[in-house]
Ligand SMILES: Nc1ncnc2c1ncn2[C@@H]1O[C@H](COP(=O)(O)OP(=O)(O)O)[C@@H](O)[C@H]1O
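First, one chain by itself in structure tokens, the form predicted on its own.
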Amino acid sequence: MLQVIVLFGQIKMLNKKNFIFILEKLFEQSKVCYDEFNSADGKIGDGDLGITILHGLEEINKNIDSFSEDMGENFKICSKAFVKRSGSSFGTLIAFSLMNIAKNLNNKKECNHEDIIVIFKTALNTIMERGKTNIGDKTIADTLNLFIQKLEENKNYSELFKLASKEALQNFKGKQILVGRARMFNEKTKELDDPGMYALSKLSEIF
């Protein structure tokens, strides 16, 4: 997400400083994986996922100097920045997710473990509602759902997101993607990773 919040190592609280660190790392990784994301998306879609993620994170990082201690305001800045550079359906889902997260974090300077779970639940619910998808459809929602499960079981973030995102991909090997343009490819999608799930897994590797 794609601008989804991945925590590094022993970070236990999400605040302005940690958030900036995360966003910078995500942007770096989006440049490394740019062609991979476009290629994965091109097999069943427009082939612009790498463009969407890179441009969105680039615009967010251009606005980091506007961040304050208010995490709600920071997520709002991210939402506006992301939608400014991305007109794709995936980009719109991410922007709406960031905006809804912002509403839940209004005036918060630090986000604890429970707040972080709420962040992921908000992103998941937004994507399911606006993307008209369900758990089990083989989309990024399934990875987010597994993140939430792992977070509710464990407060140790070390490699949690990296391992969970790979587990989600493995869980859906041999299953069809049931929403979006991918439905046109029917059985072919059983052999392919969902582009959003794949992108989230690659972005998580840097942590």
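In this text, residue numbers run from 1 along the sequence as written. Here the structure is a predicted model, which means the values were calculated and not measured.
Keep in mind that the form predicted in complex with the named molecule is missing from the display, and what follows is about it.
- Contact annotation: Leu93 falls within 4.5 Å of the named molecule in the model of the complex, judged by heavy atom distances.
- Taking the partner from elsewhere, Asp46 is found to have a heavy atom lying within 4.5 Å of the named molecule in the model of the complex.
- Using a 4.5 angstroms threshold between heavy atoms, Ile140 counts as touching the named molecule in the model of the complex.
- Residue contact check for Leu14: none of its heavy atoms lie within 4.5 Å of the named molecule in the model of the complex.
- Note on contacts: among Asn112, Asn125, Asn107, Ser89, the single residue with a heavy atom within 4.5 Å of the named molecule in the model of the complex is Ser89.
- Of the candidate stretches 81-89, 67-75, 96-104, 112-120, only 81-89 has residues with heavy atoms within 4.5 Å of the named molecule in the model of the complex.
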